[in-house]
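Let's start with one chain on its own, the form predicted alone, as C-alpha cells.
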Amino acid sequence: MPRAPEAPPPTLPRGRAPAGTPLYVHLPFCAAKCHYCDFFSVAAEGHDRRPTVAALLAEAERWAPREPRTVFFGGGTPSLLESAELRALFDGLERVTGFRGAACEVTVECNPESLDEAKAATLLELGATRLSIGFQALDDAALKLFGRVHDAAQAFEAYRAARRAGAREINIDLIYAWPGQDLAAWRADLDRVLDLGPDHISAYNLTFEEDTAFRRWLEDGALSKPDEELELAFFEATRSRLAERGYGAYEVSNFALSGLHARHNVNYWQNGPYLGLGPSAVSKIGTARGGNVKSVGDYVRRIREQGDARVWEEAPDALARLRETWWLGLRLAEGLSAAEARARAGFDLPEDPLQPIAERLADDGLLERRGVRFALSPRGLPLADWVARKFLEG
C-alpha cells in the first residue's frame, strides 16, 4: 500500500508572531569585548548605530508580535546607545507592538560605564521596568582580566544612579569561581552587593566558552580553573548567603526577592515561544526556530534588501524537543512533571520516554519527587549540567 507523503517540516511564521509572544531585541554594541563572552557583540567605536536601529524597526514591522508579554533588550550593551538612539528605538517599537501598555516586564541590560542617572531616567521614561547591571566582580584586577572597562566604584555608582532615577527593579550580574578568586573575599563581596538591596541577583560560575579569549588562555595554560571542590564551595556559599538575606533561588543561578523573578527568562526555561530581533537573534515559534546573521553590516543589508535577516531555520523532532524541555525545566526550582514536559514540547504521545531517566536520577538522589513533579535535589543542584546531559543524550 503506498504511503502518504510526509508533511513538510514546520517553519517559522512568514508574518508577525502571535500576539503576546515575548520579544527579545539584540543590540550588539559594546565598549569592548569581554574575554569570557561568547554572545555576538562588536566594539562600538567606529560604528554608526543609526542604521542598525532603523533595521531593527524595519524587522519589527515584519515579524514582531503585537502586545508582547515581556520585552528584553540585550546585547551587547543596550545602555551604550545615546538617548536619542534609545528614544528612536523604543518609540518605534511602541508604534509597531504597543509594548508599553501590554508588557508586564521590560528589561534593559546595562553596563556601569554607560549608565548614569540621566541615562537611567531616559530608559525608565521610555518604558523600561527593570535594569540589569553587569557588575560581574568587585575586584578591579579581576575586572581587567575579564576585559571590562569599568571598575567596582563605577558599578556601585551606576546602581545608585539607577535608584535615584526611580528604578524600582534592578538586577545585578555577578561571576564567581574565576582564576585566583578567594572564597572569603567572595563572601565579603556578596555582602557588599546585598547591602545595596537589589531586587534580583544573577550569579554565575565562570565558564570557559568556545571562541573566547578565556578558552584560548585556558588551553594555552595562561589561565587555570579552580578545582571542583573549590567551585562547589563557591556555589554553596553563594546560595546559602543569598538565602540568609531573603533571596529565593528560583533557578540554578538566579535569585530574587519575593515576586521579583525575571519573567522573560522564566519563559526560556519553560521552553516557551519568543521572537528575536537584531543581529544573531534567535526566534522560537511553535515547533520551529531560526536565527539571524551574526554580522552588523550583513544584518542591515539583508533587512534593507530582503526584509529578513534569518540565515538558519530548523524544526527539531518531537523527541529532541522533549529532551530540551526536560533540560531547561529542571533548572527551575519548581521543576516539572512529565505531563508538563510533553505539553511544552508538543509531544503528543501519552507516555514520556524520558520519564524513566528522571526516575533513575531520583533514585540516585540527584532529583527529588514532589508529587508528580521532579526537581533538582540539593545534591543535584551543583550537577545541573551533568543531569541535563542525561536527558539530552540518554
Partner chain sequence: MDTKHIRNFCIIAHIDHGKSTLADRMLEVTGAVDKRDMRAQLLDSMDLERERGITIKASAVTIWHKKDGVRYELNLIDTPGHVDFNYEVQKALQACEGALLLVDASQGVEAQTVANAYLAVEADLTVLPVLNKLDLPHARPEVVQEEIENSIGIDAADAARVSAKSGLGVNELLDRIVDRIPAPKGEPDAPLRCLIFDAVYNEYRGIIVYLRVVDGTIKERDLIHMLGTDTVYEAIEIGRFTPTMKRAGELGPGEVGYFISNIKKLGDVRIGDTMTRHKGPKVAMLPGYRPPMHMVYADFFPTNTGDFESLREALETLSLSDSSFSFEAVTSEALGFGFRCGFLGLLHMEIVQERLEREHDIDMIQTAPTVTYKIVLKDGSEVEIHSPGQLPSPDKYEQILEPSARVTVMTPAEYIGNVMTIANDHRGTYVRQDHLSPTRVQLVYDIPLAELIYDFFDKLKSSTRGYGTLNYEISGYAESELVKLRILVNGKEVDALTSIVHKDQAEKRGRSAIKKMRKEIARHQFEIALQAAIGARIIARETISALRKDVTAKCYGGDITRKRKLLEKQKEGKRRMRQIGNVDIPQKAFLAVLGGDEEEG
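Positions refer to the first chain, counted from 1. Worth saying up front: this structure is predicted, and the values here are computed from it rather than measured.
If you look for the form predicted together with the partner chain, you will not find it shown, but the lines that follow are about it.
Asks: Ok, Leu126, Leu232, Leu257, Ala288: which has a heavy atom sitting within 4.5 Å of the partner chain in the predicted bound form?
Replies: It is Leu232 that has a heavy atom within 4.5 Å of the partner.
Asks: Which listed residue (Val53, Ala362, Leu328, Ala44) meets the criterion of a heavy atom within 4.5 Å of the partner chain in the predicted bound form?
Replies: Looking at Val53, Ala362, Leu328, Ala44 one by one, just Leu328 meets the 4.5 Å heavy-atom criterion.
Asks: For the chain shown here without its partner, which stretch in 137-145, 180-188, 110-118, 245-253 has non-hydrogen atoms within 4.5 angstroms of the partner chain in the predicted bound form?
Replies: That would be 245-253.
Asks: I'd like to know if Phe214 sits close to the partner chain in the predicted bound form, meaning any non-hydrogen atom pair within 4.5 angstroms.
Replies: Flag for Phe214 set to no.
Asks: Though only this chain appears here, would Asp151 touch the partner chain in the predicted bound form if you measure heavy atom gaps against 4.5 Å?
Replies: Contact with the partner chain, no.
Asks: Could you confirm whether Tyr204 comes within 4.5 Å of the partner chain in the predicted bound form, counting heavy atoms only?
Replies: Residue-level check for Tyr204: yes, a contact with the partner chain.
Asks: Would Val282 count as a contact of the partner chain in the predicted bound form, using a 4.5 angstroms cut-off between non-hydrogen atoms?
Replies: Within the cut-off, so yes.
Asks: In the predicted bound form, do Phe39, Glu324 and Pro382 all reach within 4.5 Å of the partner chain through at least one heavy atom apiece?
Replies: The answer is yes; Phe39, Glu324 and Pro382 each reach the partner chain.
Asks: Just to make sure I understand: among 259-283, which residues lie within 4.5 Å of the partner chain in the predicted bound form, judging by heavy atoms?
Replies: Stretch hits, in order: Asn265, Tyr268, Trp269, Tyr274, Val282.
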